[in-house]
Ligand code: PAP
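Just one chain is shown here, as structure tokens, and it is the form predicted alone.
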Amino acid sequence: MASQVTCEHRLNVRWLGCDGDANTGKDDESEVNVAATVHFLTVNLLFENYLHSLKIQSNGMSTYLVPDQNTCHQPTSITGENQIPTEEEQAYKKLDEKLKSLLATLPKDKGWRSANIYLHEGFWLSPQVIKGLLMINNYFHAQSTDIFLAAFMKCGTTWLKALMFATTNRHRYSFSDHPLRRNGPQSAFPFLDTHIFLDYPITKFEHLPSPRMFATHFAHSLLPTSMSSPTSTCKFVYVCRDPKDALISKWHFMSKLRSKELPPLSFNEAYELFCNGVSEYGPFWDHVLGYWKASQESPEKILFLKYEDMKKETSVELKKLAAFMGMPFSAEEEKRGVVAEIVKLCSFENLSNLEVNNEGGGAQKFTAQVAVENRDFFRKGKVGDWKNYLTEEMRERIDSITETKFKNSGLTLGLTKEA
């Protein structure tokens, strides 16, 4: 079954032929049998796909949790009793027109999930994500207590979402009956890049309690100054990882989401695109370096974490995270094992084995049309899996790019020179 759940269910049936003349048109009876077989398989596959989607929907199509209400946010529907103000509707239409005009002027290249991505202000983005960026810059109002989790794709967002949500709400929920046991960790708080237009025409996030938390994959330089300026009091938690592992994880993830109407993206092709900086939200190195430099300039505003350090000493990094968010663990909490409980609850081993994060367990809704199954956010959760995919020449090339890009920055990441 397709890992990407959409409002439409498409089915590509490919018959590869069989021995004899059945696929040459020479035998009428064989043609009838083949047609009947294909029809039978199609009906069964369609029915299986339908049942699969019903199972996912019945078990939960999540958006994001609203802690005060102990439920997931339900997007606003447009009805006769709930009309959008004319000025908002007009502004939205103008923004849509601006997006179309903008895309016509931007360089484009091959996308990993969709056919094309576009180079906008130095970073490769899909049309939907560019739309989200325009809306954020025009309509999003950051609050002084907002906390943003930022990361390049497949660098630890799922894990950090769980840790941040569990830490922030540790006085609200018990560990035995925690929302993360019933909801995928991606639903812990909004993904700003697309949830900004989950409600039509715009989500205002006024229903979230303080401190509001958001996740984003946008580069630091793309964000509005209300969020990124050193004078702003909102905070960022940034997590990065070895680019070699990021490449492997991203290729697997995007391959699951890639449109079935497009040919598969081979690993070698993904490798070349990645090295050239061409992937959704890339270039990887520019993304990481932007947040690294900002964290050096404003350490009180941006906490810079490495996935590898978190795997090695999770409790230490979690306490650092809690203190940065203004919610340090007390000595009494540590004595009661609260830190250990959060580490255990949010561990890959625990989350990946929960029913909600397995086949049919549920899905995370990103736009009105696109949702991703919870299980697709979990693969291995390991450091160094790149060794199973990259040749020595490939490793050397990525390490060389990393060394060149980060030269004189004070940042080291994923350099694995071997004797």
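Residue indices: 1-based, along the sequence shown. Source: prediction; values computed, not measured.
Another form, the form predicted in complex with the named molecule, is not on view; read the next lines as being about it.
Each of W159, H217 and K380 comes within 4.5 Å of the named molecule in the model of the complex, counting any heavy atom. Scanning F253, Y92, F304, F148 against the named molecule in the model of the complex with a 4.5 Å heavy atom cut-off leaves one residue, F253. Residue-level contacts in the model of the complex: of S221, S298, Q143, S347, one residue has a heavy atom within 4.5 Å of the named molecule, and it is S347.
Stretch 151-159 is the answer when you ask which of 151-159, 116-124, 262-270, 328-336 has residues with heavy atoms within 4.5 Å of the named molecule in the model of the complex.
Interface membership of S249, defined by any non-hydrogen atom within 4.5 Å of the named molecule in the model of the complex, is confirmed. The shortest heavy atom separation between R241 and the named molecule in the model of the complex is within 4.5 Å. Contact between R212 and the named molecule in the model of the complex is not found at the 4.5 Å heavy atom cutoff. In the model of the complex, the named molecule lies farther than 4.5 Å from every heavy atom of R170.
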